[in-house]
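One chain comes next, on its own, written out as structure tokens in the form predicted alone.
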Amino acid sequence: MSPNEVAAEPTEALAVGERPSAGRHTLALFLSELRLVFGRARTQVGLGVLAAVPLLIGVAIKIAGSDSGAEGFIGQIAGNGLFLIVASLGLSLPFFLPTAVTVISGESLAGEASLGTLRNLLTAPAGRSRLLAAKMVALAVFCLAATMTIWISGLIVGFILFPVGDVLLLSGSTVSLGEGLLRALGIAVVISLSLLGLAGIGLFVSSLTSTPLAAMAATFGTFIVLGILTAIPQLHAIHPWLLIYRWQSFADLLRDPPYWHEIGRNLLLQGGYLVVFYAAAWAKITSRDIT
């Protein structure tokens, strides 16, 4: 064995030995970020508000009875409690869910900067790219947790207050209760993925400031502007490129067979927004002066 081979062996052994440690450090970073996000009082209060949405809708429909005159998914709740899940998710999407996402994403980096902990995180062995990835993963988990909070609350309230059974789809066909639950679960997942573009915008805005309130306001303001642009008919040429234009495509899962075309285009659009703004946040955070 040559001297070079002898010298190479400790280096290779060290490199192999470092990999599990790096993996454990990455996992610890992700778990720490999840604890940080879900340990905040505002996160818990926000999830509590989302859980209350199906309860308020269900109680209102129960009091009004089947002759309430409501249309759409809300009008079907009295006949089948499963539709309380879909109606609650649909009503939460235009305001409650985006508000929750803007609060959490706007605080992701700006909150650390305001407390003075971001400097320590940027100089930690985890690395800036890994830190940003942990922040984004935590935001994605929150998006799913927010929609699933509504889903679970709607399931419980709907099954308690209303009869449940086979589900009448928008196309006129009927599916079993089990398939209806799976479709409602798919709607929650699609809505969660639809929020990722907004979460990416919030992460980028949060990298620009050390004031969490300013980041939250700027992210929510961007969401409002996109909503206004979407509502102006004269701007129809740019509508397909706007973040929230295809958010309502989740309803296509209640057709037989499901219409995947609009859902796919919506998710592709969200992915585009996420990639662009995550890359912008990465460029900002990796060039940030920590002195």
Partner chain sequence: MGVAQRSRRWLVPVTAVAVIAGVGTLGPVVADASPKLPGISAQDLLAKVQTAKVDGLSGTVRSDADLGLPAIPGAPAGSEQLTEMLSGQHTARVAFASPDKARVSVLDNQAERVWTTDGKSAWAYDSSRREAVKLTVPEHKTTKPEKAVPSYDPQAVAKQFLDAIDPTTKVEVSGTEKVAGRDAYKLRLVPKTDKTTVGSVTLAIDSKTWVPLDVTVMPRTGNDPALEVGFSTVSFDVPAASTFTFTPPQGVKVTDKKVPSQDRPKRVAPKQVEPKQVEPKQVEPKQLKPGTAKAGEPTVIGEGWESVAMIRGAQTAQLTGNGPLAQLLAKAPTVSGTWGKGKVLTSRMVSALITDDGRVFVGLVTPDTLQAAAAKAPR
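This one's a predicted model, so the numbers in the text were calculated from it and none came from an experiment. Numbering follows the first chain given and starts at 1.
If you look for the form predicted together with the partner chain, you will not find it shown, but the lines that follow are about it.
At least one heavy atom of L168 is located within 4.5 Å of the partner chain in the predicted bound form. Proximity of A251 to the partner chain in the predicted bound form falls within the 4.5 Å heavy atom cutoff. Contact check for G172: a non-hydrogen atom falls within 4.5 Å of the partner chain in the predicted bound form. Contact check for F223: every heavy atom lies farther than 4.5 Å from the partner chain in the predicted bound form. In the predicted bound form, the partner chain lies within 4.5 angstroms of at least one heavy atom of each of the following residues of 250-286: F250, A251, R255, D256, P257, P258, Y259, H261, E262, G272, V275, V276, A279, A280, W282, A283, K284, T286, in sequence order.
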